[in-house]
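The form predicted alone is given below as one chain in structure tokens.
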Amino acid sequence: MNEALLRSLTPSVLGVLVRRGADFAAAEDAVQDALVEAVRVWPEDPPRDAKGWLVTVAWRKFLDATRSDAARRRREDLVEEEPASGPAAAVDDTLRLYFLCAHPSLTASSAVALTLRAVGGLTTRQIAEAYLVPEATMAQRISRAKRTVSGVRFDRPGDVATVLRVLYLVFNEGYSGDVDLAAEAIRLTRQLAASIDHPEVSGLLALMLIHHARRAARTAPDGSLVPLAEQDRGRWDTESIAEGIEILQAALARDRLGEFQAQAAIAALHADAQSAGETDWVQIVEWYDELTRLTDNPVVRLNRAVAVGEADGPRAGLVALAALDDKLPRHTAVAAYLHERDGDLETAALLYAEAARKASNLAERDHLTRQAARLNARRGAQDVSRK
């Protein structure tokens, strides 16, 4: 059973049903039923035309459900012929579904769940496990999302930026359960890139590929976090990095800069350095300036302060940091790092300990706690050597 093929066909099959006039929620249910049927039948009797088979079965499931629902008998006038294959305009159907699942009327969590279900072809159980919530909770979230978008009319193009934000949210969830959400986000972004010619789609795909290439080096064997500067670069996936950079260069050549292209350019500069000491921090600061111009995001300004500290010295970084709200996530950790670079170990140790208390996850808290302990040990050794 080729699960990857099934999942890749899901959006185009769903798009066929919706374009024929099926209500989105009912169509999505019918497609899921067809996928279940495929899992049961295909191992013994694989079809020659996988998409056509799914369209035929899903349409039949939809019609059966329609006939059994008296409140929907008006749909009986829909054409009931069952073609052997889906229509040729499948790409447009897929693109429409991306826009529909990332509709502004949905919350971010609902848009992510609906995208993974309707476009990604994941089951409710898989999505629930990935987000560490009960299956019933995720089922309710998806049902509400489907009801919300069922009445949406698409008489104009959707917002690409919204779709990209949803895919980036999926990517940043990483891995949990039996679904690798980072890999799934890359697959969906590739699919989107095949459906629409847009430099920011390419920018996001490049960013994902370059970040994902460093994944194996991000944690130690004991599960602890390994900062970028300390990672074993020999463990980075150089093929993914090369692909990401090639995609990015083609996007930048179109001279329509967007935030994901700028982020990818920063990631590429990190990936291009043979060692942390060879990182081109001056150019990274310049890209952060571009990114700040595009987004004026305080988190971007926080990351820029780190880059300034590397390019122009820690005191310049602290000056840049002082202009930002100290309640920003990671603000205290950045302050600790810059104070350590400036040689103020006592202040840095106190700030690392404070940042650990504010950490949003266990891995980050453990990392920051170890940083504080490391500096306290260094200070203790320095005190002994002075005696």
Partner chain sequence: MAKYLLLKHYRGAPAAVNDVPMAQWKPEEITAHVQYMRDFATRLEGTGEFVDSQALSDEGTFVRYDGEGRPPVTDGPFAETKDLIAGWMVIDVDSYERALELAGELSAAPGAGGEPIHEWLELRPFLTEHPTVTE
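Since this is a predicted model, take the numbers as computed values, not measurements. Numbering follows the first chain given and starts at 1.
This protein has a second form, the form predicted in complex with the partner chain, left out of what is shown; the following refers to that one.
- Proximity to the partner chain in the predicted bound form, defined as a heavy atom within 4.5 Å, holds among 107, 275, 297, 238 only for 107.
- Interface residue among 301, 190, 125, 144 relative to the partner chain in the predicted bound form, by the heavy atom within 4.5 Å criterion: 144.
- Contact annotation for the candidate site: 336, 379 and 382 all lie away from the partner chain in the predicted bound form (no heavy atom within 4.5 Å).
- For residue 373, no non-hydrogen atom is located within 4.5 Å of the partner chain in the predicted bound form, even though that partner is not displayed.
- At least one heavy atom of residue 363 is located within 4.5 Å of the partner chain in the predicted bound form.
- Put simply, residue 103 is far from the partner chain in the predicted bound form: not one heavy atom of it is within 4.5 Å.
- When the partner chain is considered in the predicted bound form, residue 171 lines it closely, a heavy atom lying within 4.5 Å.
- Between 275 to 283, 305 to 313, 224 to 232, 251 to 259, the stretch whose residues reach within 4.5 angstroms of the partner chain in the predicted bound form through a non-hydrogen atom is 224 to 232.
- Although the partner chain is not shown here, in the predicted bound form the stretch 330 to 348 places heavy atoms of just one residue, 330, within 4.5 Å of it.
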